[in-house]
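As structure tokens, one chain now follows by itself in the form predicted on its own.
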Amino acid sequence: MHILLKKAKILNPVSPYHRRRLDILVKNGIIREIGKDLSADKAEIITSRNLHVSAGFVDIGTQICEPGYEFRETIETIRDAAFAGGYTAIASLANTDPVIQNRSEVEFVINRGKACGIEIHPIGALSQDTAGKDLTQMMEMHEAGAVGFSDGRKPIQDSGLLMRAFLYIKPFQGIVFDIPYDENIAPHGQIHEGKVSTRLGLEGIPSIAEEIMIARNLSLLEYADSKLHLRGISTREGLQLIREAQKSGLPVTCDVSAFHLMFSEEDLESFDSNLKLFPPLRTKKDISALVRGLKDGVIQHIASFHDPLEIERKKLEFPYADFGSLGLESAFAMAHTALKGKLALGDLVHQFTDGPRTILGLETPVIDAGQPANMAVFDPDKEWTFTDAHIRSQSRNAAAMGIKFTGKVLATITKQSYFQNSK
């Protein structure tokens, strides 16, 4: 297939055409020509008032559901959801059935992704069955292609286990991924602890439940001299701890979900179970601190926190619904809308492209003639409203439902695949 992008502004720092507005011709998955006033017979033409193109997006911490939970999501549907959001690669969590915890399971996920035309970089389980007790064979998974280790949805509670994991991965420069949360502080919490939780009569999750585990993780990281990535940072005090650790030279990175930039605890007044997320939505002051963290580089990635769930898990009274929402289809639009006027477009795109690749140790695709296509195509000025028609996932638990966004992914192009958002 021939695809012609007309007058697209290229945002790709490794490209010789960075920040230039040019035509791009792709033939059979290869960028054949970049220049002005290009034409091609029988080419699919992509145009928009303010067309932009970057390297394909990468998401860290996508919850895949195959094997074991195919009724929620298959690799095929997660590919479609990813392409709809501009993603060409995802780093997947291990919370499947069976858990991704050995060589064959890592290879299964990688090969299923290749067969479906999307890069999947598995984050292998840190503990056996993600039960938080015994370490897995991390070296074996690393050799098979795992990009790191985590218990995924389950925060690591055992300090000794985490310390042993840090020490185990040092010889091959591995990385631990963890959501910092002390489950003993608020085991039945529903939303952020504060005025809103009191008013709604819901048990709260205090900020300290996150912050105390950030402090613990950083102390163990310093002791073990290893590598750590903290997922889903949501509080200003927690972010300050990470900022200070980075200044002292500790090898720690972190991300924030697009949801926690768009929504606050006040949006829960409606008891919309699709907004029941983990970590919980915090205060507007926390959001302001997270935006500052993006500006000064403390946060390196805006994640989708894509977590498909069947209707029986979400369409319930708020206290009984599970945590989680779809995110791949809407993360870029949500982040762009929330950060418009607060973060430069190039810096935002970095959070979806170079930032996560640096964390994972991946090379950024180059937008240049002769290179394989690996691109997200978007218009940052296009206004649209997220509806059920925009969901490509097999599940329907979307916190973005009914939200009007500014900024839309129009197409995703790889060497193997071409996806165009026609709706």
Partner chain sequence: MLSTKHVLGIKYLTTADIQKILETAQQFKEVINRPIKKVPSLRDVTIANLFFENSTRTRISFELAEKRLSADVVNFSASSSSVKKGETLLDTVNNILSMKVDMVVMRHPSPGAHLFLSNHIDANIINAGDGTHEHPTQALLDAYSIRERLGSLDKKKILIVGDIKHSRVALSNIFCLQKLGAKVKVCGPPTLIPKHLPHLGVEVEYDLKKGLQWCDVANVLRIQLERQDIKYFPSLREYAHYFGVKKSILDELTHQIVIMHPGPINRGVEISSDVADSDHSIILNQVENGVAVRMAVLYLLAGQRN
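Residue numbers count along the first chain shown, from 1. All of these numbers come straight from a predicted model, not from anything done at the bench.
The form predicted in complex with the partner chain exists for this protein as well; it is not shown, and the discussion that follows is about that form.
Site residues P187, E193 and L200 are all in contact with the partner chain in the predicted bound form, judged by any heavy atom within 4.5 Å. Here the chain stands alone, but in the predicted bound form its contact with the partner chain, taken as any heavy atom within 4.5 Å, falls in 317-325 among 224-232, 294-302, 317-325, 133-141. S270 is the sole member of S159, S270, S104, N111 with a non-hydrogen atom lying within 4.5 angstroms of the partner chain in the predicted bound form.
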